[in-house]
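Two versions of one and the same chain are coming, encoded as structure tokens; call them structure 1 and structure 2.
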Structure 1
């Protein structure tokens, strides 16, 4: 019997960010392992022309929830979508809904955030700091609340090399930042942003660090824990391997490599690729929820959900395995053959960006124009290069995260809970995981049919032939131009031609003799 699954039985659980990548995996696991939970409240905003109900319907009818429907057939009745926008005062929740949330909620999992690296500081503060503060205020009015679990990121202190499971203060108090965002105009915020974020690479990591400070300062009498996952990747085992449905983190680059857009990347092959599968994050999160509510630690515990210190993999190994998988299982309609080189300095990066990224895009756009179509490749390539420049910070450095609390928690679980809520990353085989990840990208994110693999392989063969033909033509043109301009090149050319002629004559003479 799983104590953790049992604990969530009969509970009313509030999840923010339930429509996001991690939130969906969290919800799925909760329904699958504790089908007798009372209700899951999710705070959802209408989006992309879809109503709340349509969004929930779409999630529950996705492949991810197939197993849930078997163990919890009435899952539709157990999910209660509440209209909310975390950017608004009181989250724009109606009075009745708010009353219900305050009266019944037992556990809160706060996953919602803006995860964009280039978000304007005002918006990032609103969502990652102010909304966290408001949610804590709400939580403090919930008489039946047993635990508040805040999802942060292992990179909130990426300005440090060694990171412990503690909260590191930022120089300016979060309250001052929140206040200033109310009266400063955008131009001034733009000006002070680099000074505020200091040696962090973006507003995301900075505001997640501020969010943690808010949690610490506003915790009051609440039972709170913070989870810091590193780079969340596709699922490892549950509900099935390789599930992923957005392009954040490595996923977008895997797609770009498989489609042949990404041909070179500025990355340190030996740097640790601190990936962590989404199901491991979710298992730890649920275990932390149980431990925080039942054991009530005296202080706010922080749990690092990282892989580097226990089972390290590096970017070089990951890149090789991604490409090896694309050899066996290619993506459909690739632009070029999957091949990506790692470069480590600025000059080679600039060179390969020009030769492998920009030039093919320009040539392809020229071809599109010639055939009367709208050019689009240069624009797409520029966006990819911009994305690469934002991710580079994370693929050229290694960090050490201590995992004392996470290991302590693992030792507190019963053998059954260690199995059902497995977050032991040491058991993960990276090569197998990456292969399933790439397959998952093809099946669940790009929705490509496996029956199309032979055609995709044919397409790659055609691309290879075009590549050889193009290179040969290029070589001949370059050579012809060189011969026209240089005596040395002409001499070399005559030497090669006469050598070939002599060789052929000798070969013909000897074969005539044999006859």
Structure 2
């Protein structure tokens, strides 16, 4: 019998961010392993034209919850959706709902956050800092609360090379930042944002660091733990391999590459791609919830959920594995390909890639206008290139995260719990995982028919050939313009043409003699 699964039986659990990718996987695992839990409260923001019940029905009707319905047929009755808005004071929760939450909640999993790298600082502070502060205030009023688990990010301190399982202070106190966001106008906030975030790359990492400080300062007598996952990707094993439902992080790159829009990225091939499957994060989260509630550590423990120090996979290897899956070529052939096919750190190549993507997009949109359709390719390409620009910081660097607390927790689990709630990333086979990831994107995110894979391969081949032809045309045009201006270039050109002509003549003559 699993001690962790048994612990959550009969519990009332509050999950913020339950409608997000990680929140859904967390709910699924809880229902599947502890079907006798009392209730899961989820905070749901009202959406025009859709009731809370309809949103819950939409979540439970996805492929993700198929196994849950077998072990917990009454799962609909165990989800209690509560209307809430994390942008509002007290989350705009009604008095009746607030009273129910305060009276019955046993465990809180705080997963909600804005993950947009380029989010405005005011909005990022509200969701990642102020909302955390307000939730902690609620938690302090819950007489039956046993544990508060805060999901942060391993990149909250990405300005450091080596990161320990401790909370690092920020130069400015979170309370001062929260207060200033209430009266400063957007223009001033925009001006001071670069100075506030300092050597961090964006508002996301900065506000997640502030959120950790708030947890430390406002914890009081609560049993609290912080989990820092790195780049969360598709599921590894549970409830089945490759499930994903959003285009965040590497998923967007896989979609763009698979559709033929992306041929290379500016990355350091040997930099560690610290990807972590969603089900590993969820298993660690549930184990931490059990350990925090049962063993009640004297201080707030931080758990790193990363792969780089235990089972590293670099961006070059990952890119090759993605390409191998797209084309279903033997991996040995894939490894003989130049790394620049997918990852390159050459600035000239990157800018050439941007030009050679934008120009066909403009031409295609012109064609769409002529045929009376709405142009969309240029907008899509600009969005993709902007996303790549924001990811550059993370795909050109490597970090070292200590994992002492994570390994300590693993040693505390029984053999059964180590099996049911497996978060040992050393067991992960990257080749299998990336292949399932790519197929999962196609099946679960894009909802494409798997029988259409051969046709998709042909489509990808056609797009690749168009890309190569367009690059060749650009090169010839540039070369022709250079020839018109340089005698040396003309001499080189005439030498190449003469050599090709002689080679073809020799080849033709040899063929005639053989006949």
Ligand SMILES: NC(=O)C1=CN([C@@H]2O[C@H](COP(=O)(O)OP(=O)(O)OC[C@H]3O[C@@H](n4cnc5c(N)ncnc54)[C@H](OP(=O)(O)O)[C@@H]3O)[C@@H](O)[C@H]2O)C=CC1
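What you see is a predicted model; the values in this text were computed from it and never measured. Numbering follows the first chain given and starts at 1. Heads up, when I say rigid core I mean the largest set of C-alphas that superpose within 1.5 Å between the two forms.
Structure 1, rather than structure 2, originates from the form predicted in complex with the ligand. In the core-superposed comparison between structure 1 and structure 2, the C-alpha atom of residue 63 has shifted by less than 2 angstroms. Relative to the superposed rigid core, residue 49 shifts its CA by 3.5 Å between structure 1 and structure 2. Structural comparison between structure 1 and structure 2 after rigid-core fitting shows the C-alpha of residue 499 displaced 8.8 Å.
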